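The same protein chain appears twice below, in two forms, each given on its own as structure tokens and labelled structure 1 and structure 2.
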Structure 1
């Protein structure tokens, strides 16, 4: 892994409780606001801090991804997402996230070859699919198959061996496209297509997903470029819910495949990676732009529990830079595919316009996020809605495994163990059943 800077003390804060005072060191990184180090607060003041969804709590030091939610900035190892989406490839970004620097030609070639030569699955893994119903959600299949991988690759699960950690990273990045494509093939009752070593990473995924044995498959450069850019946009995103899940699972010493399976499970939720599938369902339910005002009214009615899917973010309180690139890619892909006026896109653009002018959303700083447009592109590229979140998981696997590796190598890393405010019954004695009311 890349040698990275560590935080430095840039000041201190004091917290006084009665006659006790705690001095909290302020730690500063290379970018972003300083954080108060509260690790000694229980010893000094006998209290914990309370931050139920960790929105104001740094769980680790990391040098992988930087987000500025107010400025709409997203950097992978210091490189702006806009530049990587324009000039890079997903495998080059994967190398950058894993190792911290853009590879030279020789390193990129070796990394690409290493990933390409690990795309096949152990033949016994194919039999997992026989146990699923044909209509199983592909995310259920991804969770199961990835979670079982440690049983098939026991030679790369010793987390204390750097070489085994690297091998498991290659295996995860290489095999997740095969697993994702095969989940779809199982859903549609078509034969599994084995990976091809003559294709690029994104070409290979599209081949395994779309190709059928009787038909010669010719990669489409437009779809390949769009797929690669979508993978880049979804590759990593700091300490989001699924990445934090991977880190917490990894902090116990669980093997990397089990940790990635935990991340897949966490990403599945509609508030997180499941939002892209939920956006398409929402657009289908709205149906026509004449129905937008009634839908917006429903969203504003808290009792409806209806959310404007694809809008809002825990960190971005301005635009999500990925959404802007996704919208641009949407126009490119639809245009290049000859799709003149896609009703879903027209509806999405009208919905975004109305929402961005509505005080309810403006006051709450709700803007389109990465999921708002991704579903429209994926649908135009021929993916069923159930495959949208698995494609997100495929891309985020490189972020998860990079964050997992950074966590394992972090000398400050200990088992994750949040505390609580207990609000249950105070101590009381057991009552025999014949004495209870």
Structure 2
């Protein structure tokens, strides 16, 4: 696996509390601002730091993904996301995230073969679906099945064995498309389609998702490329909520399948992986282009609590670099499918135009983000909204497993244990029930 470079001290900061002084080393990585190392602050000053949601705290050292939100930069292992989305395949990017370098032809062929040979699921896993309601959300199925995989593949759960860690990585990257496609097939009552070794990663997923036994499935290169781009753009995104969840679970020594299941559960939230699904729900609630002005007025009203989903981003302050790629892909897909008069897609395009021109949104930098366009693309490609977040999870699995493997190999890693500010009752004595008021 990739070797992680360590940070270096680039200065120091002094913090004084009464008659006590603490010198905090300033650590610098290869890119980005320096960070204050506060690990000794409790011992030196007797205090902790307070950072709700850890928005100003670096929880680890990582050489996988770099984001500059102010400049709209996203790098995987140093490579701009725009270049990877334009020239790479998803499995090539997966190799890059796992191993730190782009593969040569021989290594890519070997990696692709290794992943392809693991796409089948243990046949007994099929029985899991019999326990779900027919209308169960696909994310519930993903959480359950991925979490149970350690029971079916116990030969790759020893986290102290590098070879077993690598095998578990291959297995998860390979099997998550099968699990995701089967979740959809179960929802709609169609037969499960087994993976095909003659198809590429994205072709195989589209085949398992859309194909049915009576008809011959013919891959569409435009749609396959769009699927690959969606996977690439969602493959990793630094220490977001779900990735941090995977790392926190992994810090306990949990097996990799359990850690990825934890990440899937975290991704399920509408503020995280469910954002593209929320975009389509928002469009459905607007209903028609004629209702957009009233909706925009509600968004601007501070007392309405109505949100413009798919616009703006927690990290990117000017633009989401992934959104520009998705916008281009969106129109390629719509053109290929000949979609010109879909009411919801027309509504989305009109909403995009208004948001890009309205001073209220321009001043607040509420530009369309990757979730806005990916939702439109997935709908056009025939995916129900309930499948949007599972597809996100499918793509992000490679990032999660890369981050997990990096964490396992980090000698500084300890079990995660955030602190708190206690605001409850002070010490008090127990009162018998018959004497309580």
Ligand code: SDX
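In this text, the rigid core denotes the largest set of C-alpha atoms whose superposition between the two forms falls within 1.5 Å. It should be emphasised that the depicted structure is a prediction, and the values quoted were computed from it without experimental measurement. Positions refer to the first chain, counted from 1.
Participant: Could you let me know which number goes with the form predicted together with the named molecule?
Facilitator: Form predicted together with the named molecule: structure 1.
Participant: Tell me whether residue 288 is among the residues that move between structures 1 and 2 (Cα shift of 2 angstroms or more, core superposed).
Facilitator: Shift at residue 288: 2 Å or more after core fit.
Participant: Taking the rigid core as the reference frame, is the Cα of residue 305 displaced by 2 Å or more between structures 1 and 2?
Facilitator: Yes, residue 305 moves 2 Å or more.
Participant: So, does residue 78 move by 2 Å or more at the CA between structures 1 and 2, with the core held fixed?
Facilitator: No; residue 78 is a residue whose C-alpha shifts by less than 2 Å between structures 1 and 2 when the cores are overlaid.
Participant: Core-aligned, what does the C-alpha of residue 351 shift between structures 1 and 2, expressed in angstrom?
Facilitator: Once the two forms are fitted on their core, the shift reads 2.5 Å.
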